[in-house]
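Presented as structure tokens, the chain that follows is alone, the form predicted alone.
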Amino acid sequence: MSGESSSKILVTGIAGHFGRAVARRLHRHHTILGIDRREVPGLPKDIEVLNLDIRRRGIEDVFRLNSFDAVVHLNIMHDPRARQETHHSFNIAGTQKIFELCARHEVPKIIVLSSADVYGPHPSNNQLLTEDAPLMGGQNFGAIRDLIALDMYCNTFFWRHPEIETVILRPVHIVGRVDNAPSRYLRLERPITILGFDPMVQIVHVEDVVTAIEESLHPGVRGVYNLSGPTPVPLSELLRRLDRRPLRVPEPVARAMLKAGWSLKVTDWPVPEVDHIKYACMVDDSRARRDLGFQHRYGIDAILEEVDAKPLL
């Protein structure tokens, strides 16, 4: 696929915070068609959006009536309160549908956004995990299992369809003007931390991940790529720079607090999230820097400046 303005790109999940950021960037040089079952506020007028569920038959007409140079697949549910079967249907069945249509209609490029969370925080993790590390994130966290299954399906598709350049991006915690779990945690005035633990943390800016997607559109790019931003820092340092006052508690207390908050629906953090503020899960992104030419532009302070910024994307 060329990088010229004549390229037509399908963006699934365009209504999400990240989907809108991708669409705003890519529409400058490409023709963008977006798909989402939700309403999509605040997009440039030249971006066409179809309100469709990717699991329904109507999605086939989209591929039949258009000739896409690439598909950027972002239509992935991250709702820990959703029923497991809903998660599976949306993430796995929906992704399979999109990929099967790409193969049938000879789309030359697919880019899918996974997450470094598939590796999972664990005390035995190597200092920096490469793309070949086992995907252990679902051992204690059921909500990650579908993301791992999706990632593995995309890897299988990569080998079964060598004629399609499939790119799987695994970014570390995306932080800033987004409504995701890491950003919501950092917005808390009194975030919980685990007494005796201070894991190293990697974060990356939204726009740097969008840049990686842009670079993945170049002809010849294919494979799995970890994405990270600036040098890792301890969790305590992130909170210090944000002027937060962490509530340091023993792990059993933290788990009891989250369990109660989850049951009362006053928090959206399930108990297994404790591992993310206890153990490190850091990645080696040298492959992306070498093959994609990826370079992060936003440092720690620039990313954190946007954590409390309004409005959110």
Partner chain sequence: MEAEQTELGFDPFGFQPEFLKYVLPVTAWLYRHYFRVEARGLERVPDQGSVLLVSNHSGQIPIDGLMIGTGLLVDREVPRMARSMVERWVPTIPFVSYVLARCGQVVGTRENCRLLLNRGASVLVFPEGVAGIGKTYDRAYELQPFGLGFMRLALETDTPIVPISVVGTEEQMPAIANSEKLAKLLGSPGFPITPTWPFLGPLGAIPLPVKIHIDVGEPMHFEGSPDDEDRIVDRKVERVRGRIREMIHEGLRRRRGVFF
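Residue numbers count along the first chain shown, from 1. Small disclaimer: the values here were computed from a predicted structure and weren't measured.
The next section is about a form of this same protein that is not shown, the form predicted together with the partner chain.
Mapping the unseen interface onto this chain, E237 counts among the residues with a heavy atom inside 4.5 Å of the partner chain in the model of the complex.
Contact annotation: E131 falls outside 4.5 Å of the partner chain in the model of the complex, judged by heavy atom distances.
Under a 4.5 angstroms non-hydrogen atom cutoff, the partner chain in the model of the complex lacks I54 among its neighbouring residues.
Interface membership of V210, defined by any non-hydrogen atom within 4.5 Å of the partner chain in the model of the complex, is ruled out. In summary, the region of this chain contacting the partner chain in the model of the complex, judged by heavy atoms within 4.5 Å and restricted to 190 to 198, 219 to 227, 152 to 160, 169 to 177, corresponds to 190 to 198.
None of A70, L26, M282, I277 but one reaches within 4.5 angstroms of the partner chain in the model of the complex through a heavy atom, and that residue is M282. Listed residues A181, M136, V233, I92 were compared with the partner chain in the model of the complex; V233 is the one with a heavy atom within 4.5 Å. In the model of the complex, no residue of the candidate spot (P108, I111 and Q295) has a heavy atom lying within 4.5 Å of the partner chain. Heavy atoms closer than or equal to 4.5 Å to the partner chain in the model of the complex belong, across 113 to 134, to the residues P123, S124, N125, N126, Q127, L128, ordered by sequence position.
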